[in-house]
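Only one chain comes next, encoded as C-alpha cells, the form predicted alone.
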Amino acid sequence: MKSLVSWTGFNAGEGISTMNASELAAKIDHTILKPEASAAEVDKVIAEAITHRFASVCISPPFVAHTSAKLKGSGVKTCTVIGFPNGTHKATIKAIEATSTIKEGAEEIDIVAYLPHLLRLDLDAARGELIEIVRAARATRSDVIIKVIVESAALTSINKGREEETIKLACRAVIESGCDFIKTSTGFHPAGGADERVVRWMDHYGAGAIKVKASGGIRDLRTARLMVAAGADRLGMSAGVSVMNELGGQDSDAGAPGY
C-alpha cells in the first residue's frame, strides 16, 4: 500500500527546539503499571509527578482512590488503565471497570482495545466495543478523558502490507466512538512499543479530531523528542524523571532554557 504520509526530510527536532521543561512535563503521563508495584512505589511516582508537574499519574485500578486523594489540588490528573494489558475482557466488563475507577477518582482512562477487531479491519465491531465503554464512562463523568490503546506494534507486525490501512481504521474507530486519544501501546506486548512512523500516521488520520499518545519504549530525551515531533500530544513513560533530568543537563550545558 502506498503511504499517504511523506517522511522525506523529517527532522526529529523540527518544531520543538524551543520547548522548555515545563512544556515537555505537561505532555508526560508518569506511569507505574508493573503488576508487582507496591504502595510505596506508587507514592514515589505521585511525589515525582507533583514535583515535575507532569500531566498525570497512570496507575493500575487498585491504586486509583489512593492516587486521586494524594493528587487532589496538585493540578496533576489521575489516570488508570482498563482491560489492561491484553484487551481481551468483554466490553461489558471494561465498561464496569471504567465506571468503577471513575467513581473512585480517575479523570483519564486508557482502554486496551480488542485487537482481533482491528486486525480484521472490522470497523463496526471495533467502534461498537468502544461505544459501549464510552457511554458507561461518560454517564459517570461527562468530562473524563478517554484514550484507546491499539497496540500498534502488534497491529503493524501482524498485518504486514496493510499497516497504514490498519492504523487508519483504528483512528476512525476511536474518532467515531467519541474517544479523545489514540495510544500506541501498553508497553507490555512483545511486538514492541511506540514507533515514530505510526505516530505520524495516527496524527495524520486523527485529523485534529483526536490526539495521540505515544507509549512503550520511551526511555530517553531523544526518543521523547522524536515522538513529539512526529505528532504525539502525550508521552506515556516510567522514565519521565530521567528524561527531565537529561533535559535539565542539556539546558545547563547550553546555558539557556529549552532544547
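All figures in this text were calculated on a predicted structure; none of them were measured in a lab. A residue's number is simply how far along the shown sequence it sits, counting from 1.
One more form of this protein, predicted together with a further copy of the same chain, exists but is not displayed; see below.
Could you tell me if all three of 128, 166 and 177 have a heavy atom no more than 4.5 Å from a further copy of the same chain in the predicted complex?
No, because 128, 166 and 177 lack any heavy atom that approaches a further copy of the same chain to within 4.5 Å in the predicted complex.
Indicate whether a further copy of the same chain has at least one heavy atom within 4.5 Å of a heavy atom of residue 201 in the predicted complex. The answer is no: residue 201 has no heavy atom within 4.5 Å of a further copy of the same chain.
Within 4.5 Å, heavy atoms only: does residue 115 come near a further copy of the same chain in the predicted complex?
Yes, contact at 4.5 Å.
(Q) Just checking whether residue 62 would be counted as a contact of a further copy of the same chain in the predicted complex - the rule being heavy atoms within 4.5 angstroms. (A) Yes, residue 62 is a contact residue.
Note to self: Within 4.5 Å, heavy atoms only: does residue 84 come near a further copy of the same chain in the predicted complex?
What the structure shows: Yes, contact at 4.5 Å.
query: Which one, 54 to 62, 225 to 233, 209 to 217, 192 to 200, holds residues whose non-hydrogen atoms are within 4.5 Å of a further copy of the same chain in the predicted complex?
result: Residues of 54 to 62 come within 4.5 Å of the partner.
**Asked** Of the options 162, 90, 141, 135, which one has a non-hydrogen atom that comes within 4.5 Å of a further copy of the same chain in the predicted complex?
**Response** Going through each option in turn, the one that passes is 90.
### The unique member of 50, 37, 26, 69 whose heavy atoms fall within 4.5 Å of a further copy of the same chain in the predicted complex
Of 50, 37, 26, 69, the residue with a heavy atom within 4.5 Å of a further copy of the same chain in the predicted complex is 37.
Check each residue of 93 to 124 against a further copy of the same chain in the predicted complex and list those with a heavy atom within 4.5 Å, in sequence order.
-> Result: 93, 96, 97, 100, 104, 114, 115, 116, 119.
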